[in-house]
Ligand SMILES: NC(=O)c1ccc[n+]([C@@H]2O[C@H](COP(=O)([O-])OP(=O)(O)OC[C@H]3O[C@@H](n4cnc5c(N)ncnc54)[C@H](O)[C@@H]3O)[C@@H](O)[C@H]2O)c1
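Before any questions on binding or motion, here is one chain by itself as structure tokens, the form predicted alone.
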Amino acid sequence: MKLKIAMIGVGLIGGSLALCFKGKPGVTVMGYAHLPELKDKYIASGVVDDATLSLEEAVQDADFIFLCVPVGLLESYFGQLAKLPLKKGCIITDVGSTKASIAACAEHVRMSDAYFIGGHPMAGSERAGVDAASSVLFENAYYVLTPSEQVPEEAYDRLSDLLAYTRAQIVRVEPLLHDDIVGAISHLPHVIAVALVNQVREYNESNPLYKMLAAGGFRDITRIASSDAIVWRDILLSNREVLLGLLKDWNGQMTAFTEMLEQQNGEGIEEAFRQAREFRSVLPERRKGMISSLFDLYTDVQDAPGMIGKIATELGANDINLSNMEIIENRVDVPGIMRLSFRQEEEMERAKTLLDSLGYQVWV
């Protein structure tokens, strides 16, 4: 008898999970779509074996149910699942980036004959939707599971074994601890980036030079400020108490810098940068995380017709997947600086080797 996996929401995360499971021996993947056009798209994209507009049909006899929907919709789906006849021993999991409030919600609903295990694949992409789904999205990433004490070890092991198909590293964490850590390393940085961009946006209203000169470094360090507004509204509200504490701590850090500047405390500023540099230097490199990495190459390119297209064509002809391309500067008689972004380090290295062989000056 085939193992049935129901994917509720088949976007970037749900679609990527489906691709990890689809085609495996004895596994069938059913996608649930809330709109007819999405159902057709899921099937046409080939990420699922079949799709349906009926939630009941999607979860009928399912061994695993993955809720790959925004955090703000999870309570509604828990309520709907509680009213449906689920297969005895069915495991329900989610992919939300907060865990404590979701676990409390699942505990309150209490689905009979089913177990809820919170999940958080800590990988992403600057793209969204099923078209961006990839079977390698979670490879070399951490995948956090937050089972409650009521979940049998046998159920946890079944989910962990299934997730081995993602080639992610499974990490077991208590829900509240997960939210504390993720709040600090992901949620707070998103808030800071948004606040910083909006601060500069306000300055730009009286002087457009701010926007003109913000290209390059400022745009890079605030990339996460372009994240989906609805998704992040739900995440921040779901992790509200943790964020309030983190923001108080952040205000303390800013107050300390303010005082060092007021007192012209050069030694204090130097020490703050030294400590930050030392800690950052021991952070893991080249591992996927919540804030998606991009691997960038830079090359000089002459301002001449067809030059940009020529580079893109060479990369495509050699099966090198380019994530993004940007001209940072391009003026008459001055070499433009082209930034080429890749999702995989291996793709970046192949591109560098190719462009070097073609005579382009390339640097990382």
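The first residue of the shown sequence is 1; numbering continues from there. Computed from a predicted model, the values in this text were never measured in an experiment.
Below: the form predicted together with this ligand, not depicted.
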Is there a heavy atom of Gly124 no more than 4.5 Å from a heavy atom of this ligand in the model of the complex?
-> yes
Proximity of Leu12 to this ligand in the model of the complex, heavy atoms at 4.5 Å = yes
Given that the partner is absent here, does Val95 sit within 4.5 Å of this ligand in the model of the complex, heavy atoms only?
-> yes
Is there any non-hydrogen atom of Cys68 lying within 4.5 Å of this ligand in the model of the complex?
-> yes
Within 4.5 Å of this ligand in the model of the complex by heavy atoms, the stretch out of 199-207, 267-275, 151-159, 116-124 is 116-124
Answer option from Ala104, Ile221, Leu73, Ala215, heavy atom within 4.5 Å of this ligand in the model of the complex = Leu73
Answer key, this ligand contact in the model of the complex at 4.5 Å (heavy atoms) among Leu297, Ala58, Ile311, Leu38: the residue is Leu38
Within 4.5 Å of this ligand in the model of the complex: residues from 31-53 (heavy atom criterion) = Tyr32, His34, Leu38, Tyr42
